[in-house]
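Single chain ahead, written as structure tokens, the form predicted on its own.
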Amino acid sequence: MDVQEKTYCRVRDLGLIAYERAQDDQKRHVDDVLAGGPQTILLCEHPAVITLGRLSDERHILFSQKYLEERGVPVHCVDRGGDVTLHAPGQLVVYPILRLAERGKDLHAYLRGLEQVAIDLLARFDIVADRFSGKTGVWIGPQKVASIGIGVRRWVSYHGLAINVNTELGLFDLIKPCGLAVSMTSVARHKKGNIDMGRVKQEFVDCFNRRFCFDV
């Protein structure tokens, strides 16, 4: 995954955006990159939403559709890898739209690279995080803090990773996260207070650039 020569990458902050709108934005950026446009990192947060990846088991949603509708939590089936996950305000969601053909077409290395970016980011907040062999994502001790699920079209990546910063963790009780018997945690829980999301985004972009050798 090491790339010596820096390449240009654009960063766009979408703020708090509906999940469907962000998916439309991703598709437009994938088309743009395929047409020769700049690689792009999209940063955002979403209102509460549950998404089901290609490998999802709907039984990992633990409440009825009616109950979720009453809570205002929609469910979307999406074309990423992985199982069920949840997005909500206070969670940093990152969609890298990258040319993986320039990185050896190695999906395993790309996933490990995304995990390492999250690990590097958490280290900047004095939090020790790690990965578990055979399980995609990032953990703080036994609790999961970051989930990853990607899609690829003609070796251009989309979807990406979600890092719990100030997320309301009780929302994860609605699902079996990633199909695992795991509890979720957040940066705020470990720092005992909410974290400035602006700083988190800046630190994330720097960690991402260093790991993937980009110049924004």
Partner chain sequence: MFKIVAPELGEGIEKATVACWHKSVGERVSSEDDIAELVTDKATFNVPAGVSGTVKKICVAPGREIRIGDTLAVVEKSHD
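Numbering follows the first chain given and starts at 1. No experiment lies behind these values; they were computed from the predicted model shown.
This next part talks about the form predicted together with its partner chain, which is not shown.
- Mapping the unseen interface onto this chain, I148 counts among the residues with a heavy atom inside 4.5 Å of its partner chain in the model of the complex.
- Contact annotation for C178: at least one heavy atom lies within 4.5 Å of its partner chain in the model of the complex.
- Mapping the unseen interface onto this chain, G81 counts among the residues with a heavy atom inside 4.5 Å of its partner chain in the model of the complex.
- For the chain shown alone, A188 is not a contact residue for its partner chain in the model of the complex, no non-hydrogen atom being within 4.5 angstroms.
- For the candidate spot formed by Y19, T51 and R71, no residue has a non-hydrogen atom within 4.5 angstroms of its partner chain in the model of the complex.
- Considering its partner chain in the model of the complex, the lone stretch of 162 to 170, 40 to 48, 58 to 66, 148 to 156 in range is 148 to 156 [heavy atom distance within 4.5 Å].
- In summary, among the residues L111, L98, A129, V94, the only one with a non-hydrogen atom within 4.5 Å of its partner chain in the model of the complex is L111.
- Residues K105, D106, L107, H108, L111 are the ones in 102 to 122 with at least one heavy atom within 4.5 Å of its partner chain in the model of the complex, listed in sequence order.
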